[in-house]
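First comes one chain, alone, set out as structure tokens in the form predicted alone.
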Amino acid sequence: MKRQRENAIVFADPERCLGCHGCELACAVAHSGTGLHQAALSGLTLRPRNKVVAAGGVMMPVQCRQCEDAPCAAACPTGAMLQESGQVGVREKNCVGCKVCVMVCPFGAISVKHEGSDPESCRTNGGVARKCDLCAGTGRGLPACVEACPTKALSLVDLEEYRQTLIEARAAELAQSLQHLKSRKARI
């Protein structure tokens, strides 16, 4: 049986984040289906799927962590939240806007809002779940927020590669410590 890869995530380095909100703007424009100028001219409300927050003296964006055992997908009564192709996605046509996913997300990374020009067109607010989808379906190689960050505080992280890098770094540290111990013993 082939082992499935872990979900990739957007990693935010709080030491590099300026809190400029450029990632929010890039996300909103990427999902608008139009450019910033055209969206402004047509009066389109741009809604990002990430949010820059200030906490503990740092600023950084909060977005979906693409959980391996996603509580939102487990709790969704209509199957609108699902885990497929290495990420947690939203099947918008199934979403009824019940906000169960919002309540169970441990990161506060999901919102349910109406997106469109005519909120009066239905009896409810017409909201559907929105969250970071790593810019799937936008034709990008990297998420828009990662590309837009002026300080490179954001990066798309393949957790298996990241873990391998950490293992190699720790092994190098251990090897250096061993060399240091051998040189000390040789002097004694």
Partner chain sequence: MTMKLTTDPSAATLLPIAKKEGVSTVWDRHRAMQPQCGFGQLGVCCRICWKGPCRIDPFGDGPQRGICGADADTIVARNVIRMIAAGAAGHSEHGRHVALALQGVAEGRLPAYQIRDEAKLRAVAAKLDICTEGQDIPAIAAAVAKATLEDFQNQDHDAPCNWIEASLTKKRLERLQALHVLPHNIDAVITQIMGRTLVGCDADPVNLILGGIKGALADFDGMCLATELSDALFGTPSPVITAANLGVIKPDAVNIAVHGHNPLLSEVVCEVAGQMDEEARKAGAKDGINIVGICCTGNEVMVRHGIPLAANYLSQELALITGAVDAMVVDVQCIMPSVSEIGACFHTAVITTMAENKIPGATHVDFKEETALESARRIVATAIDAYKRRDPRRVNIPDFKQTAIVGFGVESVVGALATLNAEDPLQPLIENIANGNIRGIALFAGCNSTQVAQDSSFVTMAKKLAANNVLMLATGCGAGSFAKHGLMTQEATLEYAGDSLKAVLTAIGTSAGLNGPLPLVLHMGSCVDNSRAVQVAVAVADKLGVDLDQLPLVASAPEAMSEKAVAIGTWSVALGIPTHLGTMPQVTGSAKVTELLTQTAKDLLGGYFLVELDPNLAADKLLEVIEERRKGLGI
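Positions refer to the first chain, counted from 1. Note that the structure is a prediction, hence the values are computed from the model and not measured.
The protein also exists as the form predicted in complex with the partner chain; that form is not presented, and the subsequent description refers to it.
Colleague: Would you classify Glu147 as touching the partner chain in the predicted complex, given a 4.5 Å non-hydrogen atom cut-off?
Modeller: Contact check for Glu147: yes, within 4.5 Å of the partner chain in the predicted complex.
Colleague: With the cut-off set at 4.5 Å between non-hydrogen atoms, does Leu142 touch the partner chain in the predicted complex?
Modeller: Answer no; every heavy atom of Leu142 is more than 4.5 Å from the partner chain in the predicted complex.
Colleague: Given that the partner chain is not shown alongside this chain, does Thr45 nevertheless sit within 4.5 Å of it in the predicted complex, heavy atom to heavy atom?
Modeller: Yes, contact at 4.5 Å.
Colleague: Any of the heavy atoms of Gly19 lying within 4.5 Å of the partner chain in the predicted complex?
Modeller: Yes, Gly19 lies within 4.5 Å of the partner chain in the predicted complex.
Colleague: Considering Ala136, Leu41, Val62, Ala54, which brings a non-hydrogen atom within 4.5 Å of the partner chain in the predicted complex?
Modeller: The option sitting close enough to the partner is Leu41.
Colleague: Given that the partner chain is left out here, which of Val157, Cys67, Val128, Val29 has a heavy atom within 4.5 Å of it in the predicted complex?
Modeller: Comparing distances to the partner chain in the predicted complex, the residue within 4.5 Å is Val29.
Colleague: Any idea which of 7-15, 173-181, 160-168, 20-28 reaches within 4.5 Å of the partner chain in the predicted complex, heavy atoms considered?
Modeller: Of the stretches listed, the one contacting the partner is 20-28.
Colleague: Using a 4.5 Å heavy atom cutoff, which residues in 60-93 contact the partner chain in the predicted complex? It's fine if the answer is none.
Modeller: Heavy-atom contacts to the partner chain in the predicted complex: nothing from 60-93.
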